[in-house]
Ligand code: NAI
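Single chain ahead, by itself, as C-alpha cells, in the form predicted on its own.
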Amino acid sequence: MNQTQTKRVTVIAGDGVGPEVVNAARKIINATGIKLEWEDCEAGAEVFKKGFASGVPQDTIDSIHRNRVVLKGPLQTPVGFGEKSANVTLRKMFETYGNIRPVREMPNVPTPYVGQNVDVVVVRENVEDLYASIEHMQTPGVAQCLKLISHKGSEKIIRLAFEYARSQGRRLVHCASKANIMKLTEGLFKRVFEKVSPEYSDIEARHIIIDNCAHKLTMKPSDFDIIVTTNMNGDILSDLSSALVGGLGFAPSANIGNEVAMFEAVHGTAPDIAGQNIANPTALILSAVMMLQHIGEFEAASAIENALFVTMEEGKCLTGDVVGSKGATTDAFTGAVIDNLGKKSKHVPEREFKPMQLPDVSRHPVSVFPEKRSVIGADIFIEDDCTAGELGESLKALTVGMPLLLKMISNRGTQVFPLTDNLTDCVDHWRCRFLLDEKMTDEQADVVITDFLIRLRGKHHWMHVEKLPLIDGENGFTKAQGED
C-alpha cells in the first residue's frame, strides 16, 4: 500500500466525541502504511468562544485551500451566539455542492431489515433549495423562505449521482422530487434529470415522488440503489436511510465540490458520552474510507472496509450502542479493526470502486437563454387587515387609467378575490395578481409597475413584487388554488 507521494489532509477533530472518533480513523489509516500527512486545524465550539462568528478561523480556511481534502469530526452549533453553523459555513465557503450518504447493512447490527442487503446511497444537493436560507418576515405574522432551485445546481448534483454510480458499478439512479406539487422548483430538478440521464445510457434512470420514495424505502429498501434529490428532501431522506442500518453511528458522508472535498460522520457531538472512550467510530471510519477512495488510495480503502466488516462479523469487540453495557471501548474497537487489516469479509461482498469523474460544469454564472421572453404582469404582495372584497375593490379603483387589470387575490395560496365560496382562513398577507394589457419587455413593465406602486403608496402597504414572465410561450409562474 505504500505510495511514493505523500498526500496532505486537513483534519478538524471537532467537538464532543469528535476527537475520539477522528483519532480512531487516523490510527487505522496510519496502520495501513500509506503516506498521509495530517494537518490539524480547529473549528466549532471553541472557535466560536474565541470570537469567530463563523466558527471557522482563517488558519483552517487557508489549510483547506492548500490541501483540498478534509477529514472532519462533528461540530457543535452554539445557541445564542455566533452566526450560521460552522458545518454550513464550510460547505458554502468551499461550494461542496454534493452530499453523498451511503448506508449498508452491517454484520451483527440488529435492525428490522437484517438480511435484506440494504445498500443505498442518497446523493443530496448541498447548497441551494430552502437551505439557501433566504428568509423574510413579510408581515409580523407571516414568514417567507425562498426555495431556490437552479438549472446549474441541479445539473451538477444529478451528474455527480450518475458519475458516482459509474464509479461503484451501480446500475440504477432514482430522482426523488415533489414535482407534482412544486411544478417550477422541484419540477425543474426533474426536467434536468430527464435531460441529463440519456447521456448515461448504461445506468437505468427512474423518477419517483419523494413521499412515495420514503414509503418504499421503509417497505423494501433493496429496490433502491442511488437516490438523487434536492437539499431539504435529501436531508430528511438520508437520515431515514441511516435508520435502516442501525442509525447515525453507521452513517458516513462526503461533501464533494469541484475544488474541495470534506468527509465526516453524520452523527452529532454526543456530549453526554464525550471523553468516556465509548463512542462508536464506525461512521467516521467509513467516512475515512470514502476519503481514501476520493484521493485514489483504493487498496487502503478496501483493506479498512474489509477489516471493519470482519470485526463486526466476529462480534467479539462491538461498542455499547450495539451490544449494550458490556460494549467495547472506542480504543478496543479501533485496535480490533487494525488487527483485522488484511482479512476479507466472508459475508459482505466487496464493491469495486473506480476513480470518479467530477461533473464538468463551468464555475462561471450560467444563464439559460430562451427564444422568447416577455412580462405579462406582476404579483404584488400587500399587508393589510381589511377583507378580500375591500382590498379587491380598492385595488381595482387604483388601476383606472393604467394598462393593468387586477386578475385575482390569493391568501396563503388560495384565491379569495373575485369572491369564492372557499372557507379560507385569511391572514394579513395578500398576493395580488395584476395582468398587463399587452406583453411587454422588462423595461416597459418596470415603468408600469413602478407607477402603480407609487399609486399604492398611502393606500396599502406593499412588501414584495414578482414579475410574471412568459418564457417560450409558457407561464413562468404558478396559479393560485382555484384560479382559472
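In this text, residue numbers run from 1 along the sequence as written. None of these values were measured; they are calculated from a predicted model.
The protein also exists as the form predicted together with the ligand; that form is not presented, and the subsequent description refers to it.
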Is it the case that Ser287, even though its partner is missing from this view, gets within 4.5 Å of the ligand in the predicted bound form, heavy atoms only?
no
Flag Pro74 as yes or no: does it have a non-hydrogen atom within 4.5 angstroms of any non-hydrogen atom of the ligand in the predicted bound form?
yes
Within a 4.5 Å heavy atom cut-off, is Asn233 in contact with the ligand in the predicted bound form?
no
When the contact criterion is heavy atoms within 4.5 Å, does Thr269 count as touching the ligand in the predicted bound form?
yes
Looking at Leu248, Leu341, Met93, Leu148 here, can you tell me which has any non-hydrogen atom within 4.5 angstroms of the ligand in the predicted bound form?
Leu248
Among Asp384, Glu313, Asp119, Asp321, which has any heavy atom within 4.5 Å of the ligand in the predicted bound form?
Asp321
Spot the stretch among 150 to 158, 351 to 359, 135 to 143, 274 to 282 with residues whose non-hydrogen atoms come within 4.5 Å of the ligand in the predicted bound form.
274 to 282
